[in-house]
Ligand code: NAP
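Okay, here we've got a single chain as structure tokens, the form predicted on its own, with questions on binding and movement later.
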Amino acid sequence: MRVLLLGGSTEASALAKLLAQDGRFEATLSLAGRTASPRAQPVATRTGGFGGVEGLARYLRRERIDVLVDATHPFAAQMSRNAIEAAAAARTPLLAVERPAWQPQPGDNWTLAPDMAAAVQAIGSAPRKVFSGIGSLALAELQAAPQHTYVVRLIDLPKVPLALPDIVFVQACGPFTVEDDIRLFREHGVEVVLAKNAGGDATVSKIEAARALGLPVTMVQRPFIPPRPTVATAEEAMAWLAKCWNSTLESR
């Protein structure tokens, strides 16, 4: 069974490993190409976009993909919408691997924001020291509030300078520990944490560190994605794919 796996998440890498170990499947992992040096994967890998819905639908037909699995980042909403439309156009079964969002715990002080622009405004007009764990694609939004001092953690440093007078970049790749983030926040005198509700374990340390230090968190809520079949883990995705494989075998 030919599987196209849209990656960019911890779950995608875990699923790629499971697929590589199962002779019933021939998988291709598709990456957007936003990380300069992505980790090596145990399945065939392609990098770059498809050219929108029509391009993805053409790829599904041309490569005779049996199943499309969307395991992109929870904030890659446009890619997920494209996957829904392309799968329908190509009549290809679709499954999304969508990890649960973080939920506030006792001791958390969250301000919820519907998008990045609202989140930046929610930090307030008074200058503050802000830790940003929002990723590179949303960095431009910070320029709307240049009065703050920003500590920004990224996998790859930005190629285009930002119009911000006071910004520090910390180049690192998760998963991170709570102890490391507590030390980082103290070192830079962080007063508020800006985060996207990505869920999962790889970057939750910044939320736990904020809780431990009593720091407020401005949390960007997940974007809307139309309904689709979903599971929460790579293991659940493999079970779903096994059912598809069995159904195909029985129909022959």
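A residue's number is simply how far along the shown sequence it sits, counting from 1. Bear in mind that the values here come from a model prediction, so they are computed numbers and not experimental data.
Just so you know, the form predicted together with the ligand exists too; it's not on screen, but the next bit is about it.
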Q.
Using a 4.5 angstroms cut-off on non-hydrogen atoms, would residue 102 count as touching the ligand in the predicted complex?
A. no
Q | 4.5 Å heavy atom contact, residue 185 and the ligand in the predicted complex | A | no
Q. Is residue 77 close enough to touch the ligand in the predicted complex, meaning at least one heavy atom pair within 4.5 Å?
A. yes
Q) Does the ligand get within 4.5 angstroms of any non-hydrogen atom of residue 211 in the predicted complex? A) no
**Q.** Heavy atom within 4.5 Å of the ligand in the predicted complex - the one residue of 43, 215, 202, 31 that qualifies
**A.** 31
Q: With the ligand left out of view, choose which of 126, 137, 117, 173 has a non-hydrogen atom within 4.5 angstroms of it in the predicted complex.
A: 137
Q) Even though the ligand is not shown here, does it sit in the predicted complex so that 6, 49 and 196 each have a heavy atom within 4.5 Å? A) yes
Q. Of 79-87, 162-170, 176-184, 145-153, which is the one stretch near the ligand in the predicted complex, taking non-hydrogen atoms within 4.5 angstroms as near?
A. 79-87
